[in-house]
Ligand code: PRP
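One chain is shown next in structure tokens, namely the form predicted on its own.
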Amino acid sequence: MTEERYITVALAKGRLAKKSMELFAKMGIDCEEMNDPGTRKLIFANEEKKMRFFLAKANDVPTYVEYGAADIGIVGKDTIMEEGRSLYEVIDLGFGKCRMCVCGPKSAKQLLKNREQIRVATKYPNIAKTYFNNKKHQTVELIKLNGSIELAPIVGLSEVIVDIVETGSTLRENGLDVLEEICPLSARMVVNRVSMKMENERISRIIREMKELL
């Protein structure tokens, strides 16, 4: 009899990983080693359930899953959309809720309404490009930034920004508003296409049990 292989799960570091592991623990799949703040381990295993977990930067999770280095990934919808990888999105986990929005000063609302050519600063150029090209049919110049996006319209780098909005308090403090909502966001479970076929029974059971908890 062939030995059962491990199902490997890639988790986006931070709050999503913590919430995800709480769900796995409720399913009887816990991993005590992950709670040790001093650990230098990169991969954590539950030997009994033949499950392995590792933490990765959010942007890398879809890559690990697409290439089969992880069977399952848990990451924000924003990352899935931005990375555009080939994988199955199987569950909306419902936590990490926020929105992807077009934001800027109130004066920029008219520029959006009239579909004028504007500059858009964002950490999410693919999401912004898809929205403006396909949904709004508005020509924009995209500027990729990595830091505080709110700064861009304040210093005149761009007319608007495309960014994640949770409470909107940072926007308000800087005299900016949500001008248009692109889409709602939350944590999602994704699965490698080959793993779904090869390990259908085990992965389907994980999906089913996870859905029952939500």
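For every residue, the number given is its place in the sequence shown, counted from 1. The shown structure was predicted, so the numbers you read here are calculated from the model rather than taken from an experiment.
Quick note: we don't show the form predicted in complex with this ligand, though the next part is all about it.
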Practice task
Using heavy atoms only and a 4.5 Å cut-off, determine which of 147, 175, 184, 68 is in contact with this ligand in the predicted bound form.
Solution key: 147
Handout entry: Partner-facing stretch of 29-37, 165-173, 43-51, 60-68, counted where any non-hydrogen atom is within 4.5 angstroms of this ligand in the predicted bound form
Key = 165-173
Exercise for the section: Verify the contact flag for residue 136: yes if a non-hydrogen atom of it lies within 4.5 Å of a non-hydrogen atom of this ligand in the predicted bound form, no if not. Expected result: no
Handout entry: Interface membership of residue 129, this ligand in the predicted bound form, 4.5 Å heavy atom rule
Key = no
Handout entry: Contact test in the predicted bound form: residue 123 vs this ligand, heavy atoms, 4.5 Å
Key = yes
